[in-house]
Structures are given as C-alpha cells and as structure tokens.
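Quick setup: one chain, the form predicted alone, written in structure tokens, and binding and motion questions come after.
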C-alpha cells in the first residue's frame, strides 16, 4: 500500500522544476521559512532558543496570514504548516503546483493519511518489519463508525481480546483526539462513543517510546503510559476508564527508577530501518511514532500511533536538530540542481 505523498530517501527534498541555480543560503543570507501553525503550536515550537539559533544560522521565520492569498506572501524557501481545514489544504496544494521551488513540509495529501486512525497504522502493518534486532507489529484493531450497541457483537466477530483501548477515529490536533478509554469487560463496550478505533491492549511495563523523526534524524524519549493489566484488573473493573493524553511531556520517564529491561530503548538499527521505510511510504519528513515493547518480549515492539509535526519543543536539543534539517533541505536541493545542470 502506498499513499500519494510517497517519496524515496533519495528524493527526500521537494522536486524542483525550472528553477534558476543559486547557492544555498549562507550565514550572510536569509533562508525564509513561512509557517502556518495554530497559536498553541507557535508557542510550543517557536521557542526563544529556536529563534535565537535560527537567526545565527541565517534562518528567518515568517508568519503566514491565512486571510490573504498565499501567492502574495513571501517569497518563501520552505513552508511549515499544521492546519487541518480542507480550505487550507487546497490553498497549499495549489501553491505547491504554482511554486515547485518552495519546499512544503509536508504535502497535505500525505498528511491526511495520519488524520485517520483507520489508515494511520496500515503502512506499519504492511511493512511487516523484522530483523535481527526485533520485530515491529501493530495491535489488532477494529473501527466502529456508529451504533454503540453493536460494539460487543463486532468485537466478538473480529475475535478481539479484552481489555480494549478506545481512541477517537479522527486526529484533528485537539486534545480530545488524543484521549483514551480502556474497556475491561464486554458489558462496558456500548458505553463508548463512536466513531472510534478499538485496539487490543498490550502489556508493556507502563513505558512508551516516542520516536521523533526530523528528516533522517531520529531521537527517542521515554514516557509513562497506561499500566499493565492483570487478572485482578479484569475481574474487578466493569466500567470505562478514561485517560487524558498519557504520553505528554509531564509524564516524562527519562530519569525515573524503572526496571532496565522495561526502560531500555529500542535498538537503533531497528528504529533507523523503521524510520527510513515510513519516510518513504508515507511521504513525510516530520512525524513521530509511539512505540511500546511487549512486556516479557525483549524483541517485540508495537506501533500504536503516528503523529504529524509532533511537539518537537519537548525533544531535547530540538533547536539544533531542526535548524540543521532546514539548512540541509536547501543544500540538498542545490546539489541536485547542480548535478542536473
């Protein structure tokens, strides 16, 4: 399975047509990055430490005014965006066609693949990744569009095993789209609120790994997650337990006293292979992968979520990683133009 935004690693920067050759920005020149982000994303991403370092490297961030035609703004070298309206997506697609010299991070048609949890994990499942460092799976899941009363029969027919994690079907950038519910028994299933995705719960020691992807760079941080479920829990809980966003930065587990077998990060070669394949299959360069390790299975990992343009401001050293990435995009574009001339 592939999506429209598919790119190869060799084509990681935007393809450019009929663009005059010019050298990449040096420190004395300006690389202009237009951004169309929510107020919340602006606060979390455009932190003073990022802006200060960007200025030193000749990178200038410029806010895009959504009320004005995009073609009348700029000119931009790169556009960063995380707005979900269909109107904006169409504006940006039209702009990409008219200005192929501008790198858009990332193509709206590729991002849409991650806005729906029914399709979000399909590329991971299709990948069927397994090597000497471990295997990467996805939890068995079921999509429920409506009629909560039908959920028990649908779960039985699909052969899913309780407990089940319920997640909103649509990921729209709101905190609500990241809220989780845990259903322990069949009788509680009609209490859920479709449309949603039901995933089989996998015990993972209460630790989740957030794998940040910025181009070809990978960084991993630990977060506390939902605790393991045991036989006692299954026999003594009969309702729906709702959780806020469990993997946020306030649940940082980097320095926590955790069993080393649980806290050990996934092997770097496995993450590099996964990141490379997903960049190619998804056609994205800015995303993060939420992974868990099955408790008691050192080499089996599950991808449970993929998010576009995540909270990079929570990633240690993100300002250095991101500014280097922006400069590398322009350098790669310039080198390709030279080789084609």
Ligand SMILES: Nc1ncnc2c1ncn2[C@@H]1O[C@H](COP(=O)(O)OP(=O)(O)O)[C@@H](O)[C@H]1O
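Since the model is a prediction, treat every value here as computed from it, not as a measurement. Residue numbers count along the first chain shown, from 1.
Missing here is the form predicted together with this ligand; even so, the following discussion is about that form.
Peer 1: With a 4.5 Å heavy atom cut-off, would you call residue 292 a contact of this ligand in the predicted complex?
Peer 2: Yes, residue 292 is a contact residue.
Peer 1: Taking the shortest heavy atom distance, is residue 103 within 4.5 Å of this ligand in the predicted complex?
Peer 2: The answer is no: residue 103 has no heavy atom within 4.5 Å of this ligand.
Peer 1: Quick check on residue 167: any heavy atom within 4.5 Å of this ligand in the predicted complex?
Peer 2: Yes, residue 167 is a contact residue.
Peer 1: Using the partner position in the predicted complex, report whether residue 208 sits within 4.5 Å of this ligand, counting heavy atoms only.
Peer 2: Contact check for residue 208: yes, within 4.5 Å of this ligand in the predicted complex.
Peer 1: Where does this ligand sit in the predicted complex: which of 142-150, 123-131, 177-185, 93-101, heavy atoms within 4.5 Å?
Peer 2: Looking at the partner contacts, the answer comes out as 177-185.
Peer 1: Could you spot which one of 89, 115, 237, 225 gets a heavy atom to within 4.5 Å of this ligand in the predicted complex?
Peer 2: The residue from 89, 115, 237, 225 that makes the contact is 225.
Peer 1: If you check 263, 202, 110, 162 against this ligand in the predicted complex, which one has a heavy atom within 4.5 Å?
Peer 2: After the contact test, the surviving option is 202.
Peer 1: Just give me the residues of 293-326, first to last, that have a heavy atom within 4.5 Å of this ligand in the predicted complex.
Peer 2: Going through 293-326 in order - heavy atoms within 4.5 Å of this ligand in the predicted complex - the hits are 304, 305, 307.
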